[in-house]
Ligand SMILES: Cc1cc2nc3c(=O)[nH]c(=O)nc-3n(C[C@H](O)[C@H](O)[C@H](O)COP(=O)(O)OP(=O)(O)OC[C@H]3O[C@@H](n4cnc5c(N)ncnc54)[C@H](O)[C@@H]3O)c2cc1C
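Given next, in structure tokens, is a single chain: the form predicted on its own.
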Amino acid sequence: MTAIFRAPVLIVGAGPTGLAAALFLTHRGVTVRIIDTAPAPTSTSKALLVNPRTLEILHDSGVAARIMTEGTRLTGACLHRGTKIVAAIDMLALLPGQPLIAIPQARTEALLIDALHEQGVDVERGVSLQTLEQNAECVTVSLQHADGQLETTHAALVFGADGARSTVRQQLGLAFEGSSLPEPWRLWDVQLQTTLDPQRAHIVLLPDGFMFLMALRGDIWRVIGNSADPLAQLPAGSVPGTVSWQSQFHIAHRLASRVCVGRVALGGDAAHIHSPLGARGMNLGIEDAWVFADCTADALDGSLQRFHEYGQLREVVHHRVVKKIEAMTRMMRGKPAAIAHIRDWIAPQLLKLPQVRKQMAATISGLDHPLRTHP
């Protein structure tokens, strides 16, 4: 018996990846249904930077213009050791015409939600995927609503954008292999009286690790560090005040063994996770959404093989980006002490080399590989 679809494409997860996928597909004329377990959008922010690649693919939706209006353009980055700036990168010179915009992830998500609403699509909240089965014709899923109601429904295709603990990935029985770092990483959004340039990212080399600082809005800064007490080791001229949010997390670098199985695909953190160095997490997920939408819209009009090309295209990119970020992280984290000593000497020297500066700019901008939607 032919399945009746509430929507040809079911998107599981309404973070940046899922929201972007829904928006891109809707602009292609594809009816989508997007669900999320959380009862409300997130109010805290993990990602802070929207890179040129993301702005490029969000341009036609109007979201890029809104991000650029609200956010702050990042002009560069400084590497600090002790009381000195030992290296600096001018992003305006390295990426002419390619803006890097600092904006909290919560605002990026809100702008995507608004754009999607304007297209007549709203997130179904408090809805969680319980089980998933597929055959040659469709995917059958069971969903649980916030009131406890159970629903069985069908979709032609499913996109799992439901985060690092992805239920979709687990239902597919896919491994999520990689490595993790043992030390906790701490995060603060803190009021800061400082002489640091708010239009630059700041990386501070510490004896027992490192620290990252970026202005969020006004005098509120994001501080991330893996040392014992980062707020006690702020750069000279920086005095912390009220903390509006703090968190603690661990870093892992993992890849799903596959990102496309039959009629189901994975994107964003469900497919790949890595450290925040390079600011690629959210941006790479939105890029997944772009490629997924292109492959999916074509597949609905033709052969399922076009859907499978999503996996062929993205697995290569995921592997390269995650391995690159992992290498950067292991060098910069400054553990053990012998590595910190080598890092403190070699990192400033490397960042003075034109080729290294170009590679860093390409990584942060998301322009270190071509955006391909066909093999």
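For every residue, the number given is its place in the sequence shown, counted from 1. Bear in mind that the values here come from a model prediction, so they are computed numbers and not experimental data.
The protein also exists as the form predicted together with this ligand; that form is not presented, and the subsequent description refers to it.
Have a look at 275 to 283, 294 to 302, 173 to 181, 82 to 90 and name the one stretch with heavy atoms inside 4.5 Å of this ligand in the predicted complex. Looking at the other structure, the answer is 275 to 283.
Just one of A65, M331, V316, A38 has a heavy atom within 4.5 angstroms of this ligand in the predicted complex, so which one? Here the answer is residue option A38.
Interface residue in the predicted complex among L116, V127, M211, C260, criterion: non-hydrogen atom within 4.5 angstroms of this ligand: So the residue touching this ligand in the predicted complex, by this definition, is V127.
Is it the case that L23, even though its partner is missing from this view, gets within 4.5 Å of this ligand in the predicted complex, heavy atoms only? Heavy-atom contact with this ligand at 4.5 Å: absent for L23.
L49: touches this ligand in the predicted complex, heavy atom cutoff 4.5 angstroms: Residue-level check for L49: yes, a contact with this ligand.
In the predicted complex, does H202 come within 4.5 Å of this ligand, counting heavy atoms only? Although this ligand is absent here, H202 would stay clear of it in the predicted complex, with no heavy atoms inside 4.5 Å.
Is there a heavy atom of A14 no more than 4.5 Å from a heavy atom of this ligand in the predicted complex? Heavy-atom contact with this ligand at 4.5 Å: present for A14.
Taking this ligand in the predicted complex, which residues of 149 to 171 have any heavy atom within 4.5 Å of it? Contacts from 149 to 171: A161, D162, G163, T167.
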